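This document starts with one chain, in the form predicted alone, laid out as structure tokens.
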Amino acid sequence: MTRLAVRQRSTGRLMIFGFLSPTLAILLFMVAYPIFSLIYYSFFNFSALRPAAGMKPVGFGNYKFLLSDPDLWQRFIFTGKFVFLCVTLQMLIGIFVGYQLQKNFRGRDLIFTALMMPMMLSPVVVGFLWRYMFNSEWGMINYLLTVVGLPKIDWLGQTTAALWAAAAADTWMWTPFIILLATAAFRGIPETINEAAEVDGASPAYRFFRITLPMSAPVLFIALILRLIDSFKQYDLFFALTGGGPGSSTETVSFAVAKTAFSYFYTGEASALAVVLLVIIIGLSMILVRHLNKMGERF
């Protein structure tokens, strides 16, 4: 390699580093520093409300205390149920509706725009809206039940009913996101492939499960990963919808982090719990991304 080529390569690397350095600095300040601070505080008995008391090192004491707490495991179980229920409903409904919207028909754009509107709202607004709708006395949901002859349900006063109420609110808000990605993935499939399969006599079900779904699987898998991550750290919806009740039975892990940090001001324990949640989300994401890479190699 000539001296000129070496100099050009070095100059190119310096330019790349110069363009990336502002972004790297922002990420270092906005992401890396808070994460390392979180990990650091998790090893201390510390309260942000009483900084004068100092920070007492406890090693893994906060982690041992949290992981031996049966209430925390109940929150993990409830969070897992919520994530499974929401993501399953959103993927099934989103794929079905997205498959219908990828077809060209009159009024399609208007319907598509209307379906995207819930996604534009704040989760807190959605939580309060559905809280009024699920009111046990004058809510619209119970009114519709009485119209068809069914008894009223105390939606937000029972753990199981509150779980379904929260899943309904979250599904109403975030299914449009799945619809958006599914529609884009389906419309990205060349028409010639489906036309050739139709000429060969393939049924609509066969074309969907053997052609459309496999070819759009990478995009749908990305949507699945994003919704899993977001559902796992759900807090604001439950804050507005149930307040964590009845009792603390509808507290997610994120809700428990916020409650421990800003209601009880146990900063060390809250940091440890946040680290545990972060490790779970990162681990789950790495597993899913690995499967996504294998899927990309296949298709």
Partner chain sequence: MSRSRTSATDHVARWLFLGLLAIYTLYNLGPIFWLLISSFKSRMDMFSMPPKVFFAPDFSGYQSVFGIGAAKDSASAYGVFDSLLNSVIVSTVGTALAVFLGTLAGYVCSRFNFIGKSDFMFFVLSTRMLPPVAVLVFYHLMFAELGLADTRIGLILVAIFANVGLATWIMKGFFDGVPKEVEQIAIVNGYTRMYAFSRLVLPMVKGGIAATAGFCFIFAWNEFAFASILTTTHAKTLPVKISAASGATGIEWTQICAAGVVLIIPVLIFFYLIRKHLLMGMTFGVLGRR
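Computed from a predicted model, the values in this text were never measured in an experiment. Numbering follows the first chain given and starts at 1.
A second form of this protein, the form predicted in complex with its partner chain, is not displayed here; the remarks below concern that form.
Asks: Heavy atom within 4.5 Å of its partner chain in the model of the complex: which of Ile229, Ile211, Leu92, Ala161?
Replies: Of the candidates Ile229, Ile211, Leu92, Ala161, Ile229 is the one lying within 4.5 Å of its partner chain in the model of the complex.
Asks: Among Leu181, Leu72, Leu224, Leu85, which has any heavy atom within 4.5 Å of its partner chain in the model of the complex?
Replies: Flagged contact: Leu181.
Asks: Applying a 4.5 Å heavy atom distance criterion, does Ser122 contact its partner chain in the model of the complex?
Replies: Yes, Ser122 is a contact residue.
Asks: Are any of the heavy atoms in Ser271 no more than 4.5 Å from a heavy atom of its partner chain in the model of the complex?
Replies: Heavy-atom contact with its partner chain at 4.5 Å: present for Ser271.
Asks: Is Trp130 a contact residue for its partner chain in the model of the complex, using a 4.5 Å heavy atom cut-off?
Replies: Trp130: yes, in contact with its partner chain in the model of the complex.
Asks: Residue-level contact is defined here as any heavy atom of the residue lying within 4.5 Å of its partner chain in the model of the complex; does Ser68 satisfy this criterion?
Replies: Although its partner chain is absent here, Ser68 would stay clear of it in the model of the complex, with no heavy atoms inside 4.5 Å.
Asks: What are the residues of 79-98, in order along the chain, with a heavy atom within 4.5 Å of its partner chain in the model of the complex?
Replies: Contacts from 79-98: Ile93, Phe96, Val97.
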